[in-house]
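Before any questions on how it binds or moves, here is one chain, the form predicted on its own, in structure tokens.
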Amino acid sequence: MSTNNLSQNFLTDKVVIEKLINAIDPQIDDHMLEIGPGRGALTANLIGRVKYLSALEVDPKLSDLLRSQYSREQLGVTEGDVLKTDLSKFGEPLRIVGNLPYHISSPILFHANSYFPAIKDMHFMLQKEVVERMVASPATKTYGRLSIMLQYRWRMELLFDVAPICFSPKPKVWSSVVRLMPMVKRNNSVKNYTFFDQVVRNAFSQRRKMLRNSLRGIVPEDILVSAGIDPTLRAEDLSVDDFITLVNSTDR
């Protein structure tokens, strides 16, 4: 994370840090990228476990602090906004880790998702509510666009929860650590990923509306019916595979 005016909550609990490092299990030749290293709580434990660690930090003061603590042979600090950064430049297969800022965690997840082919795995500390949305099942309140777009490409696992007392300053909410592993092969895949994204986005933009209404102008009702989907259902009632079937039933 960044400084306090950038929604920074620094992880300080050594037991949690060790538990997270063990979950990541860094290997010496890994292409490892840490997003938002902050004061370097994770960085200090990753250095030495890999030959070279890349870090992406938006805060100039924290970037300078990290550069002063480690040699260029150990750590490469890129100063910039992760949402505007080409992640492919950090090598592949890429392993990404980070304690992500709560206020932009979803945009960061969608950004990383777009680099799916080049990523080996990701381990993130996130607000517990966000992780629950990521791994949510259909027909639940937490199930939504984030659930579907990530579950399409990743196998995800909530590893453990982290109490507010483990951070400084203490956030008002609990956090969770999640692991994302790429799906090597799906039994069912979309023919047009861009259209898949559009359909899911529209379906959940008005999630209380029936699909016949939320998808009006995008997917005709007769296509819903031919795909075996009841037009009176809502977006949250459809599984990832249901959305795949729906998208593949169109001529897009």
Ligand code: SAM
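From 1 onward, residues are counted along the sequence shown. Computed from a predicted model, the values in this text were never measured in an experiment.
FYI, the form predicted in complex with the named molecule isn't displayed, but the following is about it.
Only one of V190, V58, L224, V200 lies close to the named molecule in the predicted complex, with a heavy atom inside 4.5 Å, and it is V58.
A heavy atom within 4.5 Å of the named molecule in the predicted complex is found for one listed residue only; from H103, K89, K172, R72, this is H103.
With the named molecule omitted here, the record of contacts in the predicted complex names 33-41 of 33-41, 190-198, 46-54, 213-221, defined by a heavy atom within 4.5 Å. The closest non-hydrogen atom of V16 lies beyond 4.5 Å of the named molecule in the predicted complex.
Shown alone here, I24 lies farther than 4.5 Å from the named molecule in the predicted complex, counting heavy atoms only. In the predicted complex, at least one heavy atom of V82 sits within 4.5 Å of a heavy atom of the named molecule.
With a 4.5 Å cutoff on heavy atoms, L238 does not count as touching the named molecule in the predicted complex; it lies far away.
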